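Take a look at this one chain, the form predicted on its own, written out in structure tokens.
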Amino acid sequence: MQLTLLAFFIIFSLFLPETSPAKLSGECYKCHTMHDSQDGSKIARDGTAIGWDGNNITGGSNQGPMNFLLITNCVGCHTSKTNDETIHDPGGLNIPIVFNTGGYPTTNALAGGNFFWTSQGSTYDAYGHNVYGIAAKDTMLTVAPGRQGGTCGSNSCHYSLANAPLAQYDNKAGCQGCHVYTSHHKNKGWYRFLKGHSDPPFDPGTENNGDYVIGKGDTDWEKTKGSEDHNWYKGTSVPYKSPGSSTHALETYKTITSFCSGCHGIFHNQDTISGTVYASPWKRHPTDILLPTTGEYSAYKPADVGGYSVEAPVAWLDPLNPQAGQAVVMCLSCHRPHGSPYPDMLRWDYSTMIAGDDTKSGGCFTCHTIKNDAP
């Protein structure tokens, strides 16, 4: 009986949904300063070109004390000036790095990718999200592609994450356009601090109103990864309407794809012209559908030991108990939200996906396993 219970708790803990591996721990002064003053010098760094240079935050300028006694902003804390460093560990903090100023870390980029390419100018606007403090606004797009409904103005995060914070949008912009309310010292049950703001103006007192993502984060953010070493995402196969309608998908389903629909609603399970749910023949690549288990899809068995692909990940109806036939196609099956070395922030080079060429593998062919069969 004791062995059975122990086994249960071990298995349960493997799939327990959570926002982050643990509450932040480590030396407080690496993130906070009590008086913005040390040895006659100001401490807090804001502006641009900030990041870790060894064990110190450099760049930017001192523009006065910062909220929460922080020594820098979100971008500064999660930026490294060392090209291939994707987890920074000053004093045991283990900070995930999402922006390497010197180059894209091709060998150990984290699950969300990296903002390096969008920082390289308008030529690379399509390679990731343009975020305030890293990149200027997209030169081709004036609104999030697939934007639908809602009353937010043109300076909100629903139009561009490159907008500066404004009071009428609860001072949320850039990183906090998606990671709306971070909680580094508490475990809130939100996956990666991905939370909506369905009751604006945002009030921290309503922070658990249900509009957040459920999942289990890999302990090193997929710096190391494999078929049994990766993030676990919650998905749904229930069609839902996008924001701007009477259905609040994120509050209802708490899935990673319903979170993406906050800005890209037209791409999600709702034909905005006819009002009907998407069905084959597809007009857009489907999301929030079960990955078929027959025909050309039968060779991809993500529920099997060794069968999951970190190149083409899936979500699950129940991350606590992933089952064959319950894998869900999601936005992150093809995209990296921070950025990638490929246009449209894809996980692979779409231009090399050549039907009928059996020398090609991976990418689209991870799911569409017969499309590369030679004639």
Ligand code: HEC
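Being a predicted model, the structure only gives us computed values, none of them experimental. We number the residues from 1 along the sequence you see.
One more form of this protein should be noted, the form predicted in complex with the ligand, which is absent from this view; the next part is about it.
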{"query": "4.5 Å heavy atom contact, Thr252 and the ligand in the predicted bound form", "finding": "no"}
{"query": "Partner contact for Ala324 in the predicted bound form: the ligand, 4.5 angstroms, heavy atom", "finding": "no"}
{"query": "Heavy atom of Gly128 within 4.5 Å of the ligand in the predicted bound form", "finding": "yes"}
{"query": "Residue contact check: Lys234 to the ligand in the predicted bound form, 4.5 Å heavy atom", "finding": "no"}
{"query": "The ligand in the predicted bound form: contacted by all of Ala49, Ser119 and Val310, heavy atom 4.5 Å", "finding": "no"}
{"query": "Residues in 26-53 with any heavy atom within 4.5 Å of the ligand in the predicted bound form", "finding": "Gly26, Glu27, Cys28, Cys31, His32"}
